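In structure tokens, one chain follows: the form predicted alone.
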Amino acid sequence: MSEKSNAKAYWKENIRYVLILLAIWFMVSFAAGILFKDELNTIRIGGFKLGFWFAQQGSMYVFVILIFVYVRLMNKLDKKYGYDA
């Protein structure tokens, strides 16, 4: 593989990861916290309704987890394409 096509494949895969992780974050923060609020409110965590929990805390926790997932994915991707130094 040439260096240019290698870099293009790297960025294509990187953008795919970013879009997937952003979609997950959207589903947790918007869909779970707003759209599915009524269904989730039938479940309680620590005395709070789950819909409230997702809207207030869950999206932040998931965002931090997704950062670590992204770092792990990028480390694997760097090794795959030889960009790990």
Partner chain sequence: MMHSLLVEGFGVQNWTYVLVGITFTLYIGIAIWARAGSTKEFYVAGGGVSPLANGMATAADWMSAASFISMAGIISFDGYDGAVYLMGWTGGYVLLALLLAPYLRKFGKFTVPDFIGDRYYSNTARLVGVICALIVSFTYVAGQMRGVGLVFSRFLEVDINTGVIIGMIIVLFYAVLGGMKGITYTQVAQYCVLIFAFMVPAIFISIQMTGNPIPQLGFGSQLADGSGTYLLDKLDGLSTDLGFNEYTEGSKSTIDIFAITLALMVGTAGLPHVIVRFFTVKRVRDARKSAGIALLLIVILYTTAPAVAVFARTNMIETVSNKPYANVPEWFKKWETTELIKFTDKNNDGLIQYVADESKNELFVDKDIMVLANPEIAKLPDWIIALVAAGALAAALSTAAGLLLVISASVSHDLIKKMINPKISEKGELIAARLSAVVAVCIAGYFGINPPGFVAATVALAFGLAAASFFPAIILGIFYKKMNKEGAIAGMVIGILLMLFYMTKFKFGWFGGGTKADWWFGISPEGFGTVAMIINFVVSIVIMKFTPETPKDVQEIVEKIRIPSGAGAATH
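Computed from a prediction, not measured in an experiment: that's the story for all the values here. By rigid core we mean the largest C-alpha set that fits within 1.5 Å across both forms. Positions refer to the first chain, counted from 1.
Not pictured, yet referred to below: the form predicted together with the partner chain.
- Heavy atoms of Ile43 never reach within 4.5 Å of the partner chain in the predicted bound form, leaving it off the interface.
- Looking at Leu21, you'd find a heavy atom of it within 4.5 angstroms of the partner chain in the predicted bound form.
- Interface membership of Ala9, defined by any non-hydrogen atom within 4.5 Å of the partner chain in the predicted bound form, is ruled out.
- Although the partner is absent here, Glu39 lies well away from the partner chain in the predicted bound form, with no heavy atom inside 4.5 Å.
- Along 14 to 38, residues Asn14, Ile15, Val18, Leu21, Leu22, Trp25, Phe26, Ser29, Phe30, Gly33, Ile34, Leu35, Lys37, Asp38 each place a heavy atom within 4.5 Å of the partner chain in the predicted bound form.
- When two forms of a protein are overlaid on their rigid core, residues whose CA moves 2 Å or more are considered shifted, and Phe36 is one of them between this form and the one not shown.
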